[in-house]
Structures are given as C-alpha cells and as structure tokens.
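Take a look at this single chain, the form predicted alone, given in structure tokens.
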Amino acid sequence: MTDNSFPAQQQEPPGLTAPMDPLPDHGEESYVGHDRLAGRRALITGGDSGIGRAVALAYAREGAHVAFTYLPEEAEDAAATSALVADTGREAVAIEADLRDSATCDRVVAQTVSELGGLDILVNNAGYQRARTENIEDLTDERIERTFTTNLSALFWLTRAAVKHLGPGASIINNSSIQAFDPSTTLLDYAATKAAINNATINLAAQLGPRGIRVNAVAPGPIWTPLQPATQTPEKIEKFGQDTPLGRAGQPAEVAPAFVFLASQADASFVSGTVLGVTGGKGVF
C-alpha cells in the first residue's frame, strides 16, 4: 500500500463515516473561520457526511447558522454534524428528508426559514450514485429515476421554493462533479445529471442575476467520502484518486473552502455563473 492508497473496504449504500479507514478529514482540526458568513443562514442538502459535513462545519465556523438534510439511515452521521455545528455556537437544524418529491423539498425550505428566521445560502449538495454499470442495458428504470430525481429534479424543486426567501446578496451553490467534464462510461446516469447541473447553474445565474442572487457550482474530483466504499469495489478503493495529477484523492476539508468563497458576498460578489473545479488537477473546461 502506498502513502496515497486506501485499505480495501466496502460498505452497504449509502455508507457511513465511522467505519471508514482512514476517517475523512472534514476540517475538524484545521478549518479556521474569519467571519466571512457572519449572521447568514444556510441550507445544505446531504449535510450529514462527506463534502456536505465539511461545508456545514466551515459555514458554522465562518459565522453562519446551518440547516441540513439527511436520510433516515444517515441519522448517526447527522448527529455528528449537528454536534460539530453546535460546538461553534451556531444554530444547527437537522432535517430528515428524502428529496425525491417536490412537497418534501417545499417542507425542507419552509422548516429552514421557520427555524433559522430566513435563508441566505442554498447548497444543493445531496446526490445519488450507485455501483458502476458497464452497459446501458443494465440501468434499471428505478435507478434512472432515482438518480435523476435526487440529483436534478430536487435541485429545481429546492431552488424554486427557496428563491422567494432569497434577497440581494444571496447565493445558490450546486454540487457538480468532474464527471460532468470527463465522464466515466460506467457512471452514465450520474455523469449526465452533473452535466445538466452545470447547464442549470449558468442558466439560473442569468435568470436570477437581476435579483441580486448569485448562482455557481463546485465540481469536485475524487474525494474521500462514504460514497466511495458504498459504491466501489475494494480493489478500486485501494487505488482511489491516484489517477489525478496530484496523485491522490482529496479530502472533504479541501473542497469546503470553495463553497465558502462562493457563498461570501465580500469575496465573490461578482462571481456568478461559474463552475469551480476542485479536482487535484483534472481539467474542468
């Protein structure tokens, strides 16, 4: 095993943080806030683990109050994220929600606004990806529907519900992927949703710009999150991320600062309609 490799391991989907070896770095010991988001109110979908947890922690340490969604089977991870946010002195609102219908998305936004007193930042982070499939003939109706509904329809439903609460200076940040630019044939459905997210990001930026709302996306490369042992074979886990120019996978803590930058009106007030790559050197174009 090289310094940049991971021990072979596997989990049942959707995967949890505690069994991972090594544990992901969400910035627990390293992220230092500078009040970039003081007093702001953020909703992060899929904030229980991985990139979502790192963003929730970074936002809280930057002064934001945070609501986030999680699936029932992710309650253990959700409790850990809530504790991290609460330790900063900011409010943490954990919302159990499967985002595959518009009524649930409406409820999530309404609960966030009710409990936080408003909404300034929406992070559409929740996503669905399952085991790699070699042939399109093997893509079931259920998988296609779940992938597109979770990754794309929910983004539209949540954004539609949120915009009425967002004012000038507000920010919407979508989680894209290197898969939108360099798609794996074995992730045909997932990669297609990420390409669509890029398109929607640019289009929404044009539509919402006159209202002072900025819309951007972050495109991560290979990042060490529970999604990996839950969707890849143990053999592939051992080499995960080694095909990047930097020769390793990234950690959630290395992605979160991109979300902080894009959310900050002080730092990114003229940044809208862009897709920011955090890929270890893989091209985003």
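Note that the structure is predicted; figures quoted are calculated from it, not measured. Residue numbers run from 1 along the displayed sequence.
Beyond what is shown, the protein has a form predicted in complex with a small molecule; the following relates to that form.
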Note to self: Can you work out whether G277 and the small molecule are in contact in the model of the complex, taking contact to mean some heavy atom pair no more than 4.5 Å apart?
What the structure shows: no
| Heavy atom to heavy atom, is Y190 within 4.5 Å of the small molecule in the model of the complex? | yes
Practice task
Mark N216 yes when one of its heavy atoms lies within 4.5 Å of a heavy atom of the small molecule in the model of the complex, and no otherwise.
Solution key: no
#### Entry: Contact test in the model of the complex: T150 vs the small molecule, heavy atoms, 4.5 Å
yes
Checked A196, I144, L71, L208 for heavy atoms within 4.5 Å of the small molecule in the model of the complex; positive is L71
Note: the small molecule not shown here; in the model of the complex, the stretch from 85-93, 159-167, 122-130, 199-207 having heavy atoms within 4.5 Å of it is 122-130
Item to check | Heavy atom distance at most 4.5 Å to the small molecule in the model of the complex, all of S171, P257 and A268 | outcome: no
